[in-house]
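Here you get one chain, nothing else, as structure tokens; it is the form predicted on its own.
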Amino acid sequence: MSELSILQAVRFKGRCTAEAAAAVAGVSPSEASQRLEQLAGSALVSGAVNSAFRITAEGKQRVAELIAAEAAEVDGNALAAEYSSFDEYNSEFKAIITAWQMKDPETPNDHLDQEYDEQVVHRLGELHTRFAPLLNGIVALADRLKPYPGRFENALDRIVSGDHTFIARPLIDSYHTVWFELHEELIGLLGRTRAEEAAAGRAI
């Protein structure tokens, strides 16, 4: 479990519990809790309030330093090629999430049409299957990202079992949450910013 994995979890979540950090870092909640307490002692995260930690200004600076160091060890050209492919899936994923939220530009999805919702879930499952080889390629280039395939699988399993909150609900490890965080990781490792990606139409 790297320092960066836990700090990223806290940065992503805003208010991060040990359970949430464990999911991001791919460790047990007890391991994550111990590391969070250590980071709080070094002022990189704030002490727990209602069992949740926040990243500090020093922690954000440390994240930037660690990502820069990690990026220097990653094959940047190979990762940029994988990111180009990711962008195509990202556009498709955004369309699926839009379809889940809106039946058409004027009609919010009230989720009363079971057939419609099942079609959207099927699209997500089909995307998941096609995306898996690319995700494995990304993970092979950046070892710290190894928890992501399991996180996507867990979200999809929950969705297929009928818990559709795991499609796009924030504050849980929904498919959308995991996708957003992976996108953020790729942007950071490539030395880009979310503002630049948004201007290029690649934000989620």
Partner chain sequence: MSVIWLGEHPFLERDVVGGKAYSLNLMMNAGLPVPPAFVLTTEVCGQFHAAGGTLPIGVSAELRHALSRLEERIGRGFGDPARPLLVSVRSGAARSMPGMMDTVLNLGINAEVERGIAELTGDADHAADTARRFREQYERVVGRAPSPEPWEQLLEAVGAVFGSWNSSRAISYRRHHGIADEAGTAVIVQAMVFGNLDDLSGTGVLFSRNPLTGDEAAYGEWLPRGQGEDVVSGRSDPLAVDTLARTQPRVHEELLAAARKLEQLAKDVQDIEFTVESGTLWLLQSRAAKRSPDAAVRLAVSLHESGLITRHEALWRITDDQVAALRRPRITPESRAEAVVLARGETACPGLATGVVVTDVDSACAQAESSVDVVLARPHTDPDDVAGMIAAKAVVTEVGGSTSHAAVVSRELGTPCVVGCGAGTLERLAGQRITVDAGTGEIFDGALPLAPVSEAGSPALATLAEWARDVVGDPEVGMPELFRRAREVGLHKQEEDAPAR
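Being a predicted model, the structure only gives us computed values, none of them experimental. Positions refer to the first chain, counted from 1.
In what follows, reference is made to the form predicted together with the partner chain, a form of this protein that is not presented.
Indicate whether the candidate residues Gln38, Arg151 and Leu190 are all in contact with the partner chain in the predicted complex, with contact defined as any heavy atom within 4.5 Å. No: no residue has a heavy atom within 4.5 Å of the partner.
Within 4.5 Å, heavy atoms only, one stretch in 133-141, 23-31, 39-47, 175-183 touches the partner chain in the predicted complex. Which? Contact criterion met by 175-183 only.
Determine whether any heavy atom of Glu88 comes within 4.5 Å of a heavy atom of the partner chain in the predicted complex, and answer yes or no. Flag for Glu88 set to no.
Even though the partner isn't displayed, in the predicted complex is Glu118 close enough to the partner chain, meaning a heavy atom within 4.5 Å? Taking the distances in the predicted complex, the answer for Glu118 is yes, it comes within 4.5 Å of the partner chain.
In the predicted complex, Lys146 touching the partner chain (heavy atom, 4.5 Å): No, Lys146 sits far enough from the partner chain in the predicted complex that none of its heavy atoms falls within 4.5 Å.
4.5 Å heavy atom contact, Thr129 and the partner chain in the predicted complex: So Thr129 does not count as contacting the partner chain.
If we check the partner chain in the predicted complex, which of the residues in 163-200 reach within 4.5 angstroms of it by a non-hydrogen atom? Result: Ala168, Arg169, Pro170, Leu171, His176, Trp179, Phe180, Glu181, His183, Glu184, Arg194, Ala195, Ala198.
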